[in-house]
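This document opens with one chain alone, in structure tokens, the form predicted on its own.
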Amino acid sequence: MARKQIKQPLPFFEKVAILDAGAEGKAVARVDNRVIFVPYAVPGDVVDLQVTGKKKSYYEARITAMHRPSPWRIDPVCRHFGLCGGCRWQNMDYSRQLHHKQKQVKESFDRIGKFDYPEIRPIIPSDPIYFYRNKLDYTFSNRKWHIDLRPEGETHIHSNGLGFHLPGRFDRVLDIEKCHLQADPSNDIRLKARKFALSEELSFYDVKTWEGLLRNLIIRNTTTGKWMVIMVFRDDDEEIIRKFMTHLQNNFPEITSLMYAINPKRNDDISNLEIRLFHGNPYLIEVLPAFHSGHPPLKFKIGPVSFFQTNARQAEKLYRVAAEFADFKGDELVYDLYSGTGTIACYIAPYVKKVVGLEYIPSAVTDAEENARLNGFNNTAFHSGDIAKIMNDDFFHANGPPGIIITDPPRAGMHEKVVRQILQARPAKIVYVSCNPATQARDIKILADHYRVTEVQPVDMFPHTQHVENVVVMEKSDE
């Protein structure tokens, strides 16, 4: 009979210095030449660590005692900090957050890219750093995560909650009292929706049995003070839905777009569902300043499933940097890769000859065309499909060779075929907007034999997180 292996206890380390900020918002320490990732630590802390996970080349650990707090450690403003997982750097002074984001760009370029680049411009901070998001998605769940002790004398605590999924727990929701990501009345809308659901004894969704009436609450808003609320129900119970939606309408006159969807599926995606209008308009209109003050502000129509940058004020700064780097003369044919709903295309359209947008998602192309019409632009054209397949010699011949390419891909970066096709197109200038400096560096490395990086500008779109946007301009090398 084989002997049963005795599981060895995981290591415990005392008085460990936290050295740096690392991946996924975790901090980095090092003991005996082994890297340790520590959530909710701040570089400069000296702490005791209990290892919670052991991998081949690193440990994961949690803080058990604080010996000396970092000079950059601050008190988080959110009572849910440490459980929610959404704002992992909220206990770090904002100026230091910016330092680590800028450092992330430099390290990605040095470690992955290994190309020459000029001194990185100072990162553009976000203003404000709280209540900056224009969209939040909440989940109704009958599996609320209990974190509070029962009040004295209470004999029962319900398990229904409305909030965010706990990190790594698809079946547990943290019931949110106040979120500091979206301005008022976002919190009031969520709290009143939850209170009404509890008072009416409505069933909250059970992700394990796929039962329960209430599934999701989506809240969107604009910088002009307009609000959209989308309720997602599992079943088409007309009487209850009408009662629920009327309650929201009567309590929040700010809601100019009140809608709902019926989702009997086993996933939360509503992009392929019918979105029914209950009250108001079926869309919001966001307004952004134009690149030049002499041009009227730009308008963007936002539907219930439209993509729009979730920090609108910073988005305008990001687009302004891209336009400044492009340095348009007015006669350019610009390709806008991963054009989404046409925000960048519309932002630059008044200052170029023509913009050709390429985007994977057909519904986004429809939104982009609508946004171009809304702003009166007739020098834009949008195409949907796999960019790696459609951007070829035939496409260049039909639409003309680009003088400038602006690319704003998802976190995974550009497909290598797209990068090779950019080289084939040989534009005079490439403006690369990225939400992931690592994949940006990987892509630029392929382009670096024929293009030189002339400007690098990080932009903070998401305070209190590790995420950073970065804009790079590349110019064709002399041949």
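Keep in mind that what you see is a predicted model, and the values were worked out from it rather than measured. We number the residues from 1 along the sequence you see.
Although it is not shown, the form predicted together with a small molecule is what the next lines describe.
- Of the candidates G161, G340, P402, G86, G340 is the one whose heavy atoms come within 4.5 Å of the small molecule in the predicted complex; the others do not.
- Distance criterion of 4.5 Å from any heavy atom to the small molecule in the predicted complex singles out F307 from the list F307, F377, F396, W145.
- Candidate site formed by F140, G168 and P264: none of these residues places a non-hydrogen atom within 4.5 angstroms of the small molecule in the predicted complex.
- Shown alone, this chain has one stretch from 359 to 367, 72 to 80, 86 to 94, 198 to 206 that lies within 4.5 Å of the small molecule in the predicted complex by heavy atoms: 359 to 367.
- In the predicted complex, the small molecule lies within 4.5 Å of some heavy atom of G385.
- Residue contact with the small molecule in the predicted complex: G53 places no heavy atom within 4.5 Å of it.
- None of the heavy atoms of C346 is located within 4.5 Å of the small molecule in the predicted complex.
- Taking non-hydrogen atoms only, Y319 approaches the small molecule to within 4.5 angstroms in the predicted complex.
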